[in-house]
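We begin with a single chain expressed as structure tokens, specifically the form predicted on its own.
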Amino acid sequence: MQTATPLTDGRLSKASTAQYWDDGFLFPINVLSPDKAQAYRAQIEAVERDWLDNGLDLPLATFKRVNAQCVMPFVYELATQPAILDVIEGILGPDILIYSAEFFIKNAHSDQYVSMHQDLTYWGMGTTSEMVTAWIALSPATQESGCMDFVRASHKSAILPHKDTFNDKNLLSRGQEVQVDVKPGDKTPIVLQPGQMSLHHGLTIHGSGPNVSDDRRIAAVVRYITPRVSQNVADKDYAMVVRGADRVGNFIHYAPPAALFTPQSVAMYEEIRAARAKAMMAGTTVRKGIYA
């Protein structure tokens, strides 16, 4: 088991920050107690139980897989935990926005997977380094359960060619797969215990295999950006200021939800999803998945 990344008063050291920029990722980082991670797991599993057939306009899986912070108050609460934001500040600086939060869940003995890819491929933000993804384990992420694999220093490349597969077993919006030969020896398995977090750059090549374990693999994934990031493909974009200030104005701001799936928050969710679909689905005529 890899030793946890050392923190000083909850913040990254200069050495750890340098390691992130050298490798394109950093892990494991202790940000939640195991009990708190279990409590957040219980909340998403309660949503799965109580809201599956509760009159939502979209499949519950869609709300879980993109912008969950818009409609689930506990997701916003998780994404704004001071222990998490203190670490993020070491990468992005004092002005922090949430771009999106979502759940990547693989059920026990599931053949679902995530193909090797770079996050920024279809987001319309170019090759910005002012975005970081926090991957927070709410259940054990092991090689058996389908933990992520990162390719060290791959963030130093540009956006590489990708192929859309729209494979139903692929958890990505387009089933996108980077068109380079990633050998097994190139991969670093990102093993995390509940309450631990990894960080990765938007250009870092990564993916994950199926879950052959007896437990669900549950992760809350939050994308943080600075106000200087801009949307270059869609007409407009949205973000939530969670630390510092936005003095640039590239994003439309909105409030966190007051309760689960309120009419107001669902309307905002649909507004954001429709706007981002113009970037996320640019260049394809296929309309399926979470941005259909």
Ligand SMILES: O=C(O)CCC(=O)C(=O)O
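Keep in mind it's a predicted model, so treat the numbers as computed, not measured. Position 1 is the first residue in the sequence shown; the rest follow in order.
This protein has a second form, the form predicted in complex with the named molecule, left out of what is shown; the following refers to that one.
Asks: Does the named molecule, in the predicted complex, lie within 4.5 angstroms of each residue among 5, 29 and 197, using heavy atoms as the measure?
Replies: No, because 5, 29 and 197 lack any heavy atom that approaches the named molecule to within 4.5 Å in the predicted complex.
Asks: Using a 4.5 angstroms cut-off on non-hydrogen atoms, would residue 190 count as touching the named molecule in the predicted complex?
Replies: Residue 190 lies outside the contact set for the named molecule.
Asks: When the contact criterion is heavy atoms within 4.5 Å, does residue 64 count as touching the named molecule in the predicted complex?
Replies: No, no contact at 4.5 Å.
Asks: So in the predicted complex, does residue 148 come within 4.5 Å of the named molecule, heavy atom to heavy atom?
Replies: Yes, residue 148 is a contact residue.
Asks: Using heavy atoms and a 4.5 Å limit, would one call residue 142 a contact residue for the named molecule in the predicted complex?
Replies: Contact with the named molecule, no.
Asks: In the predicted complex, which of the stretches 178-186, 70-78, 93-101, 213-221 has residues with heavy atoms within 4.5 Å of the named molecule?
Replies: It is 213-221 that comes within 4.5 Å of the partner.
Asks: Hey, which residues along 93-119 are within 4.5 angstroms of the named molecule in the predicted complex, non-hydrogen atoms only?
Replies: Counting only heavy atoms within 4.5 Å of the named molecule in the predicted complex, the contacting residues of 93-119 are 104, 106, 114, 117, 119.
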